[in-house]
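The form predicted on its own is given below as one chain in structure tokens.
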Amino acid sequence: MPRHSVLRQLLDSVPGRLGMAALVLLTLSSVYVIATYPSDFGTARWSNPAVWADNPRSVPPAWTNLLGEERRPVHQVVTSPEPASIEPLGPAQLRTFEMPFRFDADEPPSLLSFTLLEVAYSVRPPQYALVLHRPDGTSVALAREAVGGPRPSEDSPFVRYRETPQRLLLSGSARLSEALPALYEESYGVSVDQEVLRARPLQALFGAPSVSGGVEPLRGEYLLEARFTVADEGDRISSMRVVVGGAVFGVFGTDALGRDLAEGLLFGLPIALLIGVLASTLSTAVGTTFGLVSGFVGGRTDLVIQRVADVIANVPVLPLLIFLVFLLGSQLWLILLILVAFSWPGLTILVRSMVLPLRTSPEVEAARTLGASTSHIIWRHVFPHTAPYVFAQLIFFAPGAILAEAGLSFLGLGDPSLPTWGQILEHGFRTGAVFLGYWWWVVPPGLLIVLTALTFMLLALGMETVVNPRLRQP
């Protein structure tokens, strides 16, 4: 059957159309990951706690706010690389950076922090003050700090926070505890117990006095203003950011380390496709080659191949995988090699049974009469008769390889340098996500494994009309 006819037969069936649509979507997503993610994502980003330091721990996706009556704060990170205004102060300068954000939740943020990145100065260290402007026109002074001064034997320009940014936890500062009572007394004329304000500073900072005498959320636009006083106009402040800690985050939430599960799940997609496609292709190539040679050549060659296939086919693969990975190391190429080494016997036995009646067919006898070589006869006159079944099996092998790798990773034997769906599941179970009700940590990777395997299963079902002509519509 020509290639275009195979594709037409595949798309004529409902499973084939669904499988092709899912495969295109998975392929495009994998291309996006390969093009945008760094090659060392696993070691440099996913396994680096410093990358996720500002993220909340074990929080659900942001869209869960739509499912309940209570609206929880969304995690926000606002950066400011350039000053909004610069004012001369004699030989010095006042640089003002603005970081706006919106608060519209029913509960206060979990934290409020300020991070200052690389600063370079030539004479005196810059000083800065942080002020939060609230929606009702009131303001709260949160901090007043100075950049670290010159060290002995250090030459100008002096660079600070290049390797380790300065991070201030504003929600737990002593200055905030002192500023909140003054805010309520001066702005609202209300005297609130200072112990209450110190116990729940963020509730007071993002709230206002209520009619009942308590504190209610103050929703609206907030602005964190960072005012830097620099001694020289050549002093450089690279950028800064404010983190408003939330109780919900992103599309898939976070794990116990604050890692964005959406990034890890997306990165695992091309790995799953690579494992499925590569393992099934190599297994099919090996199994088909041995089956063709065994069935066509016969004799001692057939006996040796079939006995080896029988032995390997009866070896329990998963325990052997666990043993070899534990013995030789958890590396992706090793897992692929083991999967290929123990996946070919079944196809070899089936292809051999298909080849046995073909080797005495008139087509083969005519080729022998014309002096064709054995390899030429096998690949030009025998293999085309088995090709539809072989390609259907190639698609059918892929889900098994994906599930095998996920099973190894779930047991903690996956490649630690590459985050996969099985590893995300394993980490969730190891840290008690199931018992604590962190469904967003367990359900999405499980669904992605199932949906990816289902894609190949649908393609295999769509190939039935190609393998069996009697199933085609007249």
Partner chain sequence: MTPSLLRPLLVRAASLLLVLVTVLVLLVVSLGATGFSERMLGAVIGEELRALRISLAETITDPDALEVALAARRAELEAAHGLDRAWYQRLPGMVLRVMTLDLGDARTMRTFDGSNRVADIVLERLPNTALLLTSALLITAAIGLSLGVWLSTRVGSTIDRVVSYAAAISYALPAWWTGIMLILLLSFQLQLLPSGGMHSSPPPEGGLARFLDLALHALLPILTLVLVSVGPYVYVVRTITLGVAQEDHVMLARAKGMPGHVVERRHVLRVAAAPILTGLILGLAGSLGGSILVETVFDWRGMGRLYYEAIVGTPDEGLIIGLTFMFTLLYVSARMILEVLYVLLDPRVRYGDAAPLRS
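By rigid core we mean the largest C-alpha set that fits within 1.5 Å across both forms. Numbering follows the first chain given and starts at 1. These numbers were taken from a predicted model, which means no experiment stands behind them.
Another form, the form predicted together with its partner chain, is not on view; read the next lines as being about it.
- When contacts are defined as a non-hydrogen atom within 4.5 Å, all of Leu318, Leu327 and Phe396 contact its partner chain in the predicted complex.
- Annotated contact segment (heavy atom within 4.5 Å of its partner chain in the predicted complex): 420-428, selected among 27-35, 57-65, 44-52, 420-428.
- Heavy atoms of Val311 reach within 4.5 Å of its partner chain in the predicted complex, making it an interface residue.
- The closest heavy atom approach of Ile349 to its partner chain in the predicted complex falls within 4.5 Å.
- In the predicted complex, its partner chain sits beyond 4.5 Å of every heavy atom of Val297.
- Although the partner is absent from this view, Gly407 contacts its partner chain in the predicted complex, with a non-hydrogen atom inside 4.5 angstroms.
- Residue Leu403 is the only one of Ala92, Ala226, Leu403, Val382 with a heavy atom lying within 4.5 Å of its partner chain in the predicted complex.
- Of the residues in 440-456, those that come within 4.5 Å of its partner chain in the predicted complex through at least one heavy atom are, in sequence order, Val442, Val443, Gly446, Leu447, Ile449, Val450, Ala453, Leu454.
- Leu303: CA moves 2 Å or more between the shown form and the other one after rigid-core fitting.
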